[in-house]
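The form predicted on its own is given below as one chain in structure tokens.
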Amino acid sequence: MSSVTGHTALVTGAASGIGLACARALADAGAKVHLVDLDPGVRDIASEVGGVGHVLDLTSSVSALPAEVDVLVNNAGVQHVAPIHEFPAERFSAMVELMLGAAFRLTRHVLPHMYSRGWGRLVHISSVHGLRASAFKSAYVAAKHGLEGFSKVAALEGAPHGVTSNCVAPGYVRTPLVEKQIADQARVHGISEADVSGQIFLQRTAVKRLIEPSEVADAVMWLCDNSFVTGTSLAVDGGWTAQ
């Protein structure tokens, strides 16, 4: 039995990729899972994993989501690749709001329940870009660095209440978010789309392959099962940050 068995979990960005892999892993471990996404297809996906789907723009209020949550996985994210001087200001603000502001609001929303139960798990899907920077990703890098710091504060505040807070920091994962970057990466770096994987995605990793979403979900589940690991960032990056 996992620590999450019988508990209630909420996963954002759960219609595909890392979020869906996390939702499946949590459901398989015996948790009741709420899947949140802007994609209406999340309702059908939730039915497939025996969970509950919620269609919501997380940059607005989160009050419509359940607060009786024991495991929160802040995963929702988007990407935009452009030099700073060409980066739309409104796009920068929206990305930070989704990946950092929404994580704050959701954590604030569920913490009273976790504190009342004396148990809770906050897992924030950060990125290797929460630990390192890459050119042309100013909003994403800024938001993920902020998420890393926010998670540490939540860990310090939550510890007396049995609540842990950690980040998982993967490198490039085989998800729609990464696949959608290929054309933009080719454009800003002046290379062909065929060269993006080797020259951009895998250039800094020792393990020369994309990470599978299920491998990120495995890291999330490991953090859920550990009560003494808190305030840290678990790099799942193929050796990127070892260099």
Ligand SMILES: NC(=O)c1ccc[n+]([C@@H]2O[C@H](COP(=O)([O-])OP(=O)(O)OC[C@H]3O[C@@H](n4cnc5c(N)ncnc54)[C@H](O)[C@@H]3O)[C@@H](O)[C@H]2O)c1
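Since the structure is predicted, the reported quantities are computational estimates derived from the model, not experimental observations. From 1 onward, residues are counted along the sequence shown.
A second form of this protein, the form predicted together with this ligand, is not displayed here; the remarks below concern that form.
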{"property": "One stretch from 112-120, 82-90, 69-77, 158-166 that, in the predicted bound form, holds residues within 4.5 Å of this ligand by heavy atom", "result": "69-77"}
{"property": "Proximity of Val173 to this ligand in the predicted bound form, heavy atoms at 4.5 Å", "result": "yes"}
{"property": "This ligand contact at Phe150 in the predicted bound form, heavy atom, 4.5 Å", "result": "no"}
{"property": "Exercise: Ala143 in contact with this ligand in the predicted bound form, heavy atom 4.5 Å", "result": "no"}
{"property": "Partner proximity in the predicted bound form: Ser233 to this ligand, non-hydrogen atom cutoff 4.5 Å", "result": "no"}
{"property": "Listed residue that, although this ligand is not shown, lies within 4.5 Å of it in the predicted bound form (heavy atoms), from Asp39, Asp184, Asp28, Glu212", "result": "Asp39"}
{"property": "Contact set, 176-204 vs this ligand in the predicted bound form - heavy atom within 4.5 angstroms", "result": "Pro176, Leu177, Val178, Lys180"}
